[in-house]
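The data below hold one chain only, encoded as structure tokens and taken in the form predicted alone.
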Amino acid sequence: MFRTLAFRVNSAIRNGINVNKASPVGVVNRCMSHGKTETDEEFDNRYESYFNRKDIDGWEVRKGMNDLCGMDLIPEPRIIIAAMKACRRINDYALCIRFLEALKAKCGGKVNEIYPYIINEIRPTLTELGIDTPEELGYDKPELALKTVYE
């Protein structure tokens, strides 16, 4: 025990003495990938082609939507349109509504600016596919909501 204490004190003293020596400043160790970074256009094309595949199944549509919802971004309207058409191909109306609700939630504090823009851009596709928005279905208000005591 005494030997361990003496060794640690000796190491601490040596390290304290070596502080005054010049150390290389330019040596930096970075552990980042040096691979190619994907541009926004390549990202959009990748997801649009993913959802436009003819052989896509329900699990893959959900995975693609889940990946998009997990990212720190709001997808472009053309990706959303491709996702809506994929939902229609697999005949999953509820998934369309859930995805629109998730998009609205991702808008955060700018929901009054971004969400109407998205709905305006995808409105022709929604009409073509016969998909209503959550607001048209009444999902934006709780079903059993009571008036507050302050109203």
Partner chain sequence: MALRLLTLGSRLKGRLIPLGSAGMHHEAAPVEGTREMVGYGINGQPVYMDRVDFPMPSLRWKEETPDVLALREREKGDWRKLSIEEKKALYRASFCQTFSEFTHPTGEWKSVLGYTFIIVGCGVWMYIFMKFFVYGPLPDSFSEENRRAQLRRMLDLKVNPITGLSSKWDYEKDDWKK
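Positions refer to the first chain, counted from 1. Note that the structure is predicted; figures quoted are calculated from it, not measured.
A second form of this protein, the form predicted together with its partner chain, is not displayed here; the remarks below concern that form.
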P75, A82 and V111 each touching its partner chain in the predicted complex (heavy atom, 4.5 Å): no
Residue (of I56, I119, C69, C107) lying close to its partner chain in the predicted complex, criterion heavy atoms within 4.5 Å: C69
Partner proximity in the predicted complex: Y47 to its partner chain, non-hydrogen atom cutoff 4.5 Å: no
F51: touches its partner chain in the predicted complex, heavy atom cutoff 4.5 angstroms: no
Residue contact check: N91 to its partner chain in the predicted complex, 4.5 Å heavy atom: yes
L144, heavy atom within 4.5 angstroms of its partner chain in the predicted complex: yes
Within 4.5 Å of its partner chain in the predicted complex: residues from 93 to 129 (heavy atom criterion): Y93, A94, L95, C96, I97, R98, F99, E101, A102, A105, T127, E128, L129
